[in-house]
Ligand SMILES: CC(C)(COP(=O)(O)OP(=O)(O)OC[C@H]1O[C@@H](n2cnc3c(N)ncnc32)[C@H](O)[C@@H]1OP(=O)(O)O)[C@@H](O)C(=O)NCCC(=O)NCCS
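Okay, so here's just one chain, in structure tokens, the form predicted on its own.
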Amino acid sequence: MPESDVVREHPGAPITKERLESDLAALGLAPGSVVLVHTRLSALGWVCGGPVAVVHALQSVLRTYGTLAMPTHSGGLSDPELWENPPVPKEWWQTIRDTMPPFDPDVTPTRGIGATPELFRTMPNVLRSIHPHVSFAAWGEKAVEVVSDHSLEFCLGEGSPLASLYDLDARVLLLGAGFASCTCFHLAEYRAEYRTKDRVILGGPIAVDGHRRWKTFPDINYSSDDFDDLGRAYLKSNPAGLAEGKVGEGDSILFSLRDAVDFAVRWLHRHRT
């Protein structure tokens, strides 16, 4: 959203880092927590300092013995045969596969997930997992546990940062964002059984011993198309420990990642028929 539209839609006072800290604490985000954050910056109002203020507020509330994680996905490093937004001519596909620079956790930008994760991946002491499509970044005490050993195959399943966050009993914070961006539901796709789940072959450029390679690997046809419906059903289940409130001007939700994934496994089994 253009900044002028944010100012027009949120004409009240600017949202300061101190306001964000207070609102996050009131929502229930506690020091020492492990939290996976999805944020829509424009929903929070006009934030003084933009994504820098948002990340600093989260770090201030969590403190150094907490852990902050965000998705830092780079879908542009995928197989051009699958591109739809926009598609490219078929005669380009092989050239792209042969020449696209490999994923570099220090350099490769995020794509389509907002300004806050893009800033976060570049900040001091932030670590990033190594996956050309769906990396995650983390800061804090458990950052190494979150991002290490991200499997190239079945990339949002058992060998992913999502599984590590599940094991760490992390929380999910939707900071002005909706359930359509709730990546933890993807872990449930791998764990659930449903008729429409298929195995696919994906590809991307990676570095192997200092050399660029186009690598193909198996995965499933994961999709977030029904995550809004899934999220509404999860809210209606009245899960224990869920908190809803305003952070800045944005409607925000804090909940257990483990509980949400377990619910999603059951929901997907019933609804993806």
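Just count from 1 along the sequence shown to find any residue number. The model shown is predicted, which means the values in this text are computed figures rather than measured ones.
The same protein also exists as the form predicted together with the named molecule; that form is not shown, yet it is the one meant from here on.
Annotated contacts: 31, 35 and 63 are all free of the named molecule in the predicted complex [non-hydrogen atom within 4.5 angstroms].
With the partner omitted from this view, the residue of 192, 202, 115, 123 that lies near the named molecule in the predicted complex is 115 [heavy atom within 4.5 Å]. A heavy atom within 4.5 Å of the named molecule in the predicted complex is found for one listed residue only; from 46, 214, 217, 222, this is 46.
Listed stretches are 91 to 99, 69 to 77, 124 to 132, 146 to 154; the contact stretch with the named molecule in the predicted complex is 69 to 77, by a heavy atom cutoff of 4.5 Å. Among residues of the shown chain, residue 108 is not one whose heavy atoms approach the named molecule to within 4.5 Å in the predicted complex. Taking the partner from elsewhere, residue 40 is found to have a heavy atom lying within 4.5 Å of the named molecule in the predicted complex. Residue 160 falls outside the set of residues with a heavy atom inside 4.5 Å of the named molecule in the predicted complex. Mapping the unseen interface onto this chain, residue 188 falls outside it, with no heavy atom inside 4.5 Å of the named molecule in the predicted complex. Shown here without the named molecule, the chain has 181, 183 in 178 to 192 lying with a heavy atom within 4.5 Å of that partner in the predicted complex.
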